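The data below hold one chain only, encoded as C-alpha cells and taken in the form predicted on its own.
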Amino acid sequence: MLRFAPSPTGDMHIGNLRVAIFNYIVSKQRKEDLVIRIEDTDKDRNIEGKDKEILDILNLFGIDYSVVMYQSENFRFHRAIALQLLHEKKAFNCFCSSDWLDKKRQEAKDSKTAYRYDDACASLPDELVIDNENPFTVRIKKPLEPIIVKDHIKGEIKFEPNDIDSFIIMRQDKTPMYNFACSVDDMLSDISLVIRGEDHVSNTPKQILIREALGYGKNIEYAHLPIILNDDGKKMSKRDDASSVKWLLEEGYLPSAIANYLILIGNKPPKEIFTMQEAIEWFSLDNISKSPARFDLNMLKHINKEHLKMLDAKELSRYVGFADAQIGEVAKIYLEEASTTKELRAKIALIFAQKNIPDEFKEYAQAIVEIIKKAPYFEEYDDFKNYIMQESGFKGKNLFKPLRILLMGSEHGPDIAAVYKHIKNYLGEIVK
C-alpha cells in the first residue's frame, strides 16, 4: 500500500501534486493500492472545502485510489497507542510549560547551539507520571542508537541519537503531533513505501523511532523528492503563482501536460513528450536526481502546446467554448502562436467578437459587410475573396486589411485562407 497524505490547508502545491503522481505511478507498477489520507489534525489551519478540492484535482489528473481516509478518524488509535508507550516506559509525561521551553530555546540560540530537550521530565516518580490535574504533553524517549534511513533517491542517511531528542507525540489537549499520527497511520494502513518531499527527511527517523518503540517489524521504504525551485533559485512558495495547481489549470495548462512536466523535471525519461500511462512503463525512482529541479514556465508552455496538438479537433473545441470540430481545427491553426487553452480562447473569441475597425478602413469594412450579407456560399476562400473584390472594386490594403479584421478580429495572424476553410459556415455570426 502507498499513500498520498495532503493537508486541507490551502491550494495544492505543484510539489504535492508531483508526490501524488509519483505515488500513483509506483502503485500501478507494484500493483499495490493507493490510499489518500487527508491530514486534518491541525484544526486551526484547515480550510473548509479544501479536502474536496484536493480530491477533484486528483480525479482531474486521472489519479485513482482505493480509499479516502481522514487522519482525525484515527484519534482513538493514536491515544491508545500513546498510552501503551507510557505503560511500557517508552514515553513519558512532560509538565514543562511553554514559557520554560521557550526560555531553553532562547538560551540555545544565544549560545549558538542546536536546541534539544533536556529530558527534565524523563525520570519523574510514578505519582507524577499519572498526574491528571496539571497539563502535560507526552514525549517519546530519544533513541540510544543511530537510526539509518535507506532512501531510494538520497541513498543512506544516518541520524545520531543526539539528532533526535525526546520529542512530543501528544499535545496537552491529547491530540497527536504530526510525526506520531503519521507513523501510527502508516502502520494501520500497512504502508510499504513512502514517497514525499525532502522537507520531510528530518521527520523520517522520528517516525521510524515510533514504530521501533511499538515493535513494528515491517520495513517501510522511503523516497524523498528534491524541492522545486523558482526562477530565483529559491524554493517555490505560495507567492509564486505557478506553484499553485489551481492557478496553472485556470491559466489553460492541461492536466496531461502538467503531469508530463512534473515527471520530466529532474528525471531521465526516454522521450520528452509522454502521457502518465506511458510513464508507468519506464518510470523509476532510481532515476530521480538528488538535486533540486528548477521550474521553467516556458518549458511547460512548450509541453502544453504539444499536448494540445495531440487532442482531436472536437475535444480541443470544447476547451475554447465550442463543441464543433471545425472550431477545433481553427484552434489547431492558432497553436502556431498560442500555448494554452486560455490563449486559444482569446484568439477564437476575437473571431466572434464585435470588430474594432481602424477609422481609415471603416467605410471599406461597412461596404464589405453588406456584400458578405448578400453573398452566395463559397467553398474556397479565393472564390469568396474574388467575389468581394468584384462587387466592391476594392483592392490592396483597402480590401485585405478590413476583410482580415472582419473575419479574424485582428490585423495579424495565421493565413486567412486556412482559417476561412473552417469558419465559412459561421460567416453570418462572425460578420455582424
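Numbering starts at 1 and runs along the sequence shown. Only a predicted model underlies this, so the values are computations on that prediction, with no experimental measurement involved.
What follows is about the form predicted in complex with ligand GLU, which we do not show.
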Problem - Heavy atom of each of Ile14, Tyr253 and Pro255 within 4.5 Å of ligand GLU in the model of the complex - result: no
Problem - Interface stretch in the model of the complex with ligand GLU - options 351-359, 175-183, 95-103, 109-117, non-hydrogen atom within 4.5 Å - result: 175-183
Practice task
Please pick, from Arg196, Lys206, Arg139, His78, the one residue with any non-hydrogen atom lying within 4.5 angstroms of ligand GLU in the model of the complex.
Solution key: Arg196
Handout entry: Ala5 within 4.5 Å of ligand GLU in the model of the complex, heavy atoms
Key = yes
Problem - Close approach of Glu53 to ligand GLU in the model of the complex, 4.5 Å, heavy atom - result: no
Practice task
Consider Glu39 of the chain shown here, and say whether it contacts ligand GLU in the model of the complex, taking contact as heavy atoms within 4.5 Å.
Solution key: yes
Exercise for the section: Using a 4.5 Å heavy atom cut-off, state whether Lys305 contacts ligand GLU in the model of the complex. Expected result: no
